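Read the single chain below, which is given as structure tokens and is the form predicted alone.
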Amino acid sequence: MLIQSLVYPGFTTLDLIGALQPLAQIPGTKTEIVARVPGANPTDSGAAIMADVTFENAASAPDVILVPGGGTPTIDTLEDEATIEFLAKQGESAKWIVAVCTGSLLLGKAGLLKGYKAASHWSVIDTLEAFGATPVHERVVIDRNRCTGGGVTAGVDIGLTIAGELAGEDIAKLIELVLEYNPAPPFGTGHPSIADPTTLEIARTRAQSTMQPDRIRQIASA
């Protein structure tokens, strides 16, 4: 079973690792990290992820193509033709097409979400309509062989969900236990629906500059 993960400079580390960690626990799984250019891809946390294959020699029919998101670097990648063309091509043969956070925007630009329900980070989820998708405000959304989700930490939920689809519920339950996935948020502000007004307003202001929803819509229509 092949889990193929797209990486690019500046993506959010946990978007990838949160989903990939559960998926990599499936018995018999092989992982492949693919990027436009091989080698180290810096993430927004300062860590770097090594890409072992490029668009030219990546496997053509992975069981899962996993796409992480991020802030401004992800929006910039929407305009990278090589990356979008690669995703469109992989989407033709991958058994599961999976994105975490704003990674769903990249799927949208590649034409992989037209007519599908999808999720994304709360600050940009409504822009999915510009790509022909139906936004769904849920942590994990499955529509046929597309799986998308909310921001960053939702990657763990996504990874476990797809592990269940690929290997069965019993294996996924075991992985969840081994990873000790038992969230207990210390501040209770992890979503706009539960955040206090002051924190929410600050977060929305920051999101306007990093997520750039108006720019996303312009790119979608280009």
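Throughout, we count residues from 1 along the sequence that is shown. Bear in mind that the values here come from a model prediction, so they are computed numbers and not experimental data.
Not on display, but discussed next: the form predicted in complex with a further copy of the same chain.
In the predicted bound form, a further copy of the same chain sits within 4.5 Å of a heavy atom belonging to G188.
a further copy of the same chain is not shown here, but in the predicted bound form it comes within 4.5 Å of a heavy atom of Y181.
a further copy of the same chain in the predicted bound form is not approached by D63, whose heavy atoms all lie more than 4.5 angstroms from it. T31 belongs to the set of residues with a heavy atom inside 4.5 Å of a further copy of the same chain in the predicted bound form. Annotated contacts: A35, K89 and G111 are all free of a further copy of the same chain in the predicted bound form [non-hydrogen atom within 4.5 angstroms]. Along 192 to 222, a non-hydrogen atom within 4.5 Å of a further copy of the same chain in the predicted bound form is carried by P192, I194, A195, D196, T199, L200, I202, A203, R206, in order along the sequence.
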